[in-house]
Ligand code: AHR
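First comes one chain, alone, set out as structure tokens in the form predicted alone.
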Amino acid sequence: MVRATVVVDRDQAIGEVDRRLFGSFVEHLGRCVYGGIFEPESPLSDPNGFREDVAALIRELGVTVVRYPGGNFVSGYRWEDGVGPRDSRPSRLNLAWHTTDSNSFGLHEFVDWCAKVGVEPMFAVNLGTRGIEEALDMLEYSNHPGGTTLSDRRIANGAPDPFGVRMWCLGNEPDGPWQLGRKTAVEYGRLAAETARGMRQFDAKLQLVVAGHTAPWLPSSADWDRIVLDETVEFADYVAVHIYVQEVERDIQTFLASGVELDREIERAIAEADAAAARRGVDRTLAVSVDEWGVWRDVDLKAPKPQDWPVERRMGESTYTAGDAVVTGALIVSLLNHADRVTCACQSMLVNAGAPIRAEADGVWRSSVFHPFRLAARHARGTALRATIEAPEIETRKYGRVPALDVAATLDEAQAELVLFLVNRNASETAHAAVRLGSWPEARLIEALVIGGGDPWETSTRERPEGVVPRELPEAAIVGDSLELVLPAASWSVVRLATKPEPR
């Protein structure tokens, strides 16, 4: 057993935990939309075609904002195809994912679905095959009250009130060689800046997200953020970070330390945004939107035969493991520990394709990665506090030596609740953690739960949905001014503490 000490001090605030930190992502990929959230022919759907059982799990998950319609799909998307009477909407080839899209689910359906499940809509505009004019048209159609051709068209299509979408992504992954309309940094930076300028002329209070580099292994990544942010820092509110992590060759030790990679990407984006503001003499502090993040396992995104363009095909329907759940929790720890600058994050995706929720024609179930997200969305509230950690280091193949323990803490003053999120990155050794609670001398334990700590390749399936679920952490107790925890190897835990004595 390794030993670690954690100090959490109420005076060491990082920032407020924005509710948008618990967002998700819906794209026309695989069965995320059709056969996922939307299935008009299903007896499990409401009159609008929205799956009721899927909607119930989304509410349970605690999602707050959803990004749509992409993702790679948006770089070839014509928003006009997805409005108006469904029987007159054109079918189009989905070049991003080699399928045919009926456009029976479009802007109106998405906004109506958001209202049903209680989430904020977040739109992306096509800056791949389209540009400024189309983005402004989409904005006017969506958000203008009425009295213009486009806003009156929305009203005629059944939405008398504006959609009121506040957050808009300026394209998607434009540096990727997989992307329709791929751009150089100079090309994208100018297009994004001019699009943002036009959108701000419509509404200066919109919140705009500019695309940072997609992956550090792309040759363009070295200069992308610098060039793009020099053009856009005056107009953008967020710079986007995308990250997917995956276990490689059963190297579970490296995989458990994936939070290090997210830490580095967030901190790089912050540094580039601040440097651009300084160079340009702009008094703006950009936030970070990690609007695609997640764990991918056994992903098959290969196109079918060139002549086949199916309406629906299974893609990326991963069976997630206990290790994947622990790493999902570890990535959430990273997000919380950057709450001063990361104010939006979207787990990718929501249903079926690389998702916490799985759906078949006759039912749904929770994958293993559902549980850490649900617990964090429910309990990570108020102010994120900085945790000081003294712990042994472990060796990883990709990240070198890293601390065996990572911790995030949140304090909800209104509910008088301190919550700790702890990941034991050590694949083979239990950790004894002593958490110093000097700031809360009257703290008492409410609940301690753990995910993982056994076989990291255990799974939750439809036949055995209880394969990976939270369970009570048996060795958790307050002793003097410390919370004493025994954290199993390869585990993620959430511990809730009341900061005031129980009422008499």
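Quick note: we count residues from 1 along the sequence shown, nothing fancier. The structure displayed is predicted, hence computed values, not measured ones.
Keep in mind that the form predicted together with the named molecule is missing from the display, and what follows is about it.
In the model of the complex, M349 touching the named molecule (heavy atom, 4.5 Å): Flag for M349 set to yes.
E292, heavy atom within 4.5 angstroms of the named molecule in the model of the complex: Judged by the heavy-atom cut-off of 4.5 Å, E292 is in contact with the named molecule in the model of the complex.
Distance check, D101 to the named molecule in the model of the complex, heavy atom within 4.5 Å: Residue-level check for D101: no, no contact with the named molecule.
Contact of H242 with the named molecule in the model of the complex (heavy atom, 4.5 Å): It does: once the named molecule is placed as it appears in the model of the complex, H242 has a heavy atom within 4.5 Å of it.
Contact residue in the model of the complex, chosen from I451, L29, V63, V54 - any heavy atom within 4.5 Å of the named molecule: None of the other options qualify; the answer is L29.
Contact assignment for the named molecule in the model of the complex, among Y399, W97, Y141, F373, heavy atom within 4.5 Å: Flagged contact: W97.
Which of 476 to 484, 491 to 499, 6 to 14, 20 to 28 lines the interface with the named molecule in the model of the complex (heavy atom within 4.5 Å): That would be stretch 20 to 28.
Complete contact of D324, G329 and W457 with the named molecule in the model of the complex (any heavy atom, 4.5 Å): Contact check failed for every one of D324, G329 and W457.
Sequence-ordered list of residues in 57 to 76 near the named molecule in the model of the complex, where near means a heavy atom within 4.5 Å: If the 4.5 Å heavy-atom criterion is applied to the named molecule in the model of the complex, 57 to 76 yields G71, N72.
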